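For reference, the chain that follows is the form predicted on its own, supplied as structure tokens.
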């Protein structure tokens, strides 16, 4: 075994959005320590959200690089692709790679991301189901879109609906099977979900709510209700599982992700985590695992500030978005059961506000970017500050 004697190096395990963002933020804050960025995939880091959006559109371009080709060399970031870290030795402050190489660190950032949740083998005994998380997945789905005529999507969340819309636009017969009673239950409120459902159905997508899968067959799927649905391709979009095995094996706290404090620090003062793999402890004591690019960049700023001894960034609402065919959704703030919601038509689309304890907690929109951006800045404002007549006319509760 060899070891890179970077006793002061910052080693980042994971070279996707969160890992690259952390490296970039460190350099932007003036950090001059060696940075080693380790990624399992060969080649340059790329935009993952595009895999279910632009990369499945009519021309289906390849995933775009996250940064320009010379980004890493110009910032003296050692990017090492095609490497898998298998162990973390906290006592010696080293990580071990699959080929036996050891890399020493002064501080370690775990940006290992998450993997697509899989259907049980009892449901998919032939291994027919595909997921959409990596470039290799995209290549397989892209080929299928060019060759197949029908698609079954299991899961009515963001990725499933983005893929469904892209397939439908290409003339593929699409059926979405969702176990819940509405679409995108984790992301949008029921009133907006009903509009999303209507628009997908108008576009030609068949959507089955409150339906569970019994098994995947050679030519489609069988639902628990006994209904068979034909499908040349079956795509599962049923959530994600954080890659926290390295942290758990190293004795760090894990609870649906690697548990970190509001600065991204684990129980080990020299180990941080961010991105899809991290369960972020907020100042009120609650823990949440964010899965968005907006959250990733904010967390990267927090971690970089902690490592360089600078003040953390101020909290700000995260802005999320989804492109589903011609429909653009924007979201900021949590989906909270019991919140009062107000949906209205605005220029170009629809805008939803959600209130809890008489304060605005979330803003969501369809095809209304100007209204959305204006309202996000008002999150936290008292309900009394809004147009009472407009709110009363559209009030609803979940």
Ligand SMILES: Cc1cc2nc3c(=O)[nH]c(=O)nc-3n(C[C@H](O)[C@H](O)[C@H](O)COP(=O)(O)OP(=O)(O)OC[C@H]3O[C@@H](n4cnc5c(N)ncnc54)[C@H](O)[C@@H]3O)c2cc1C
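This is a predicted model, so every value here is computed, not measured. Positions refer to the first chain, counted from 1.
Omitted here: the form predicted in complex with this ligand. The next part is about that form.
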In this chain shown alone, the residue from 84, 74, 283, 228 with a heavy atom within 4.5 Å of this ligand in the model of the complex is 84
This ligand in the model of the complex has a heavy atom of only one listed residue within 4.5 Å, and of 292, 118, 148, 206 that residue is 292
### Message
So in the model of the complex, is this ligand close enough to residue 94 to count as touching (4.5 Å, heavy atoms)?
### Response
no
Using a 4.5 angstroms cut-off on non-hydrogen atoms, would residue 324 count as touching this ligand in the model of the complex?
no
- Query: Even though this ligand is not shown here, does residue 333 get within 4.5 Å of it in the model of the complex, heavy atoms only?
  - Reply: no
Can residue 320 be called a contact residue for this ligand in the model of the complex at 4.5 Å between heavy atoms?
-> yes
Assert contact_stretch over 219-227, 249-257, 179-187, 269-277 against this ligand in the model of the complex, heavy atom within 4.5 Å, equals 269-277
Those residues of 218-242 with a non-hydrogen atom no more than 4.5 Å from this ligand in the model of the complex are none
